[in-house]
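Just the one chain here, laid out as structure tokens, in the form predicted on its own.
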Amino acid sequence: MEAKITATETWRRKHRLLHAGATRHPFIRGIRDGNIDISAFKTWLGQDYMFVRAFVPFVASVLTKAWKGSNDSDNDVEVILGGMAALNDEISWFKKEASKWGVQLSNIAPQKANQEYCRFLESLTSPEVEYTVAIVAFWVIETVYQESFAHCLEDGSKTPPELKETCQRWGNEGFREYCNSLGKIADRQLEKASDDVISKAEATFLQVLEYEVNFWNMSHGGT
């Protein structure tokens, strides 16, 4: 018997061009091919540090929504809490990496694409936003990074040795399993969601992909 195609997989196929734009962006391909402009990498490093700081309250809000709105809250809270705990280590990693590359984090202001993405995250913390919509956003944000940086670790990649640690941070197998856990939660919630919530969740999926593309564009030399 053929396995049923999940909602999240259906969206990935339906919107495959935008999905590929987010996970195979020229910025990522530049790392994979070994011709990344290091100044672009430094831009990304500083801007992503700013983003992660805004990501923390968003994840906290997803945790609250899971506690109130999940049909398997014990499991969901455990998975989300694990991701939240990892963010503390991630912020420390950004500080260490910035020091290594000579990036002064205290002097960085978020660029326009980053500001817009962070405002979008903040809008998802509203109590009016359903848990299903929020967990879809959380899943796709994490998964874009997992798939992007895993691409830089595949056989045949020419990722510079000094960037391997960055790619390993999000491209590793453990992070992939965590993203899969978030995806399973999202699909479980979508199975019982109303058509209205499913439409909102799909729109949010598309918005996240667009913000991710804009973020890579910004790092790659745009604004």
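As the structure is a computational prediction, the values presented were derived from the model and not from experiment. Heads up: residue numbers just count along the shown sequence, starting at 1.
Not pictured, yet referred to below: the form predicted together with a small molecule.
Screening 192-200, 26-34, 153-161, 48-56 for residues having heavy atoms within 4.5 Å of the small molecule in the predicted bound form returns a single hit, 48-56. Contact annotation for Y145: at least one heavy atom lies within 4.5 Å of the small molecule in the predicted bound form. The shortest heavy atom separation between I141 and the small molecule in the predicted bound form is within 4.5 Å. Contact check for E97: no non-hydrogen atom falls within 4.5 Å of the small molecule in the predicted bound form. At a distance threshold of 4.5 angstroms between non-hydrogen atoms, E130 is out of contact with the small molecule in the predicted bound form.
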